[in-house]
Ligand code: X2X
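Have a look below at one chain only, the form predicted on its own, in structure tokens format.
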């Protein structure tokens, strides 16, 4: 009798464990939605694709992710992406610190003009105290941050003039992202900035509604901006745009600890690969992409030290204004980390 009772109890326990496992598996969605501004033809979108593929492979298909480029889950409005992640409209994203700065003001740090002079400076920020603080701000806003990526240094292009000095921007109609800091920068330089989504930018360039734009060169080449009149490119490295791999909090908490670690590790691995892709061809060690652009009949202007310093001086009032808005302590920490970076 005791043996039968023990066997019966064991069977019930196994059944309970099976039911618990089934219930847990039932909490998983058949498909998770990942938001991206651009698709896999761009380094940014490629990072999202790599992440999705790694997760699918390493979870044996328990977590399947579908990419939604063009921020199509929020009708193409990049500035609405972060609230949509928080609300659960979006499950996962690889997003820009620029696009999320309206909700997390501290992210404007990365858009401070001429803050990061080289790639070592970018690395010093995202992998140091500043990176940790930014992840804390994202967590406090209700989203789970996992890894860093990179959209790259943003260069300025236009259809009218080779830009070598601040005065060359006077009167130019430029497409900029939806951030007040960008408006301040270009108005201070005498340009006429217009906020619009990237989806609207290319038709505007083609029709001449705007004269130019600013973006990483990987965006320039993948979008074939030389075909819409953007024949003047100036390399000024005025801003770099880090990316963050994130997951909606409720989605994150619905996964087992094992799967959480798999997704996080996959994000870190994808982030490293994405940064390598984003920097390919545009570094002093490898300028191959610049040569490809020149072969398209495009004029590339590289600023010398004096020309660069003129832009730094011209935008100093914007830097000082936004230092107070973002937080002097945070900006000073960034400057300290950059000063101490390994070259």
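Numbering follows the first chain given and starts at 1. What you see is a predicted model, and the numbers here were worked out from it, not measured in a lab.
Heads up, the form predicted in complex with the named molecule isn't pictured, but that's what we're talking about next.
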**Item:** Option from 169-177, 125-133, 111-119, 204-212 whose residues, in the predicted bound form, bring a heavy atom within 4.5 Å of the named molecule
**Value:** 169-177
**Request:** Run the contact test on 155, 220 and 230 with a 4.5 Å heavy atom cut-off to the named molecule in the predicted bound form and return yes or no.
**Result:** no
**Item:** Proximity to the named molecule in the predicted bound form, single hit among 55, 34, 275, 37 (heavy atom within 4.5 Å)
**Value:** 37
**Asked** the named molecule isn't shown here, but in the predicted bound form which of 236, 137, 198, 252 has a heavy atom within 4.5 Å of it?
**Response** 198
**Prompt:** Though only this chain appears here, would residue 98 touch the named molecule in the predicted bound form if you measure heavy atom gaps against 4.5 Å?
**Reply:** yes
**Message:** So, residue 241 and the named molecule: in the predicted bound form, are they within 4.5 Å at any heavy atom pair?
**Reply:** yes
**Asked** Is residue 248 a contact residue for the named molecule in the predicted bound form, using a 4.5 Å heavy atom cut-off?
**Response** no
**Fill in**
Of the residues spanning 64-79, the ones with some heavy atom within 4.5 Å of the named molecule in the predicted bound form are 78
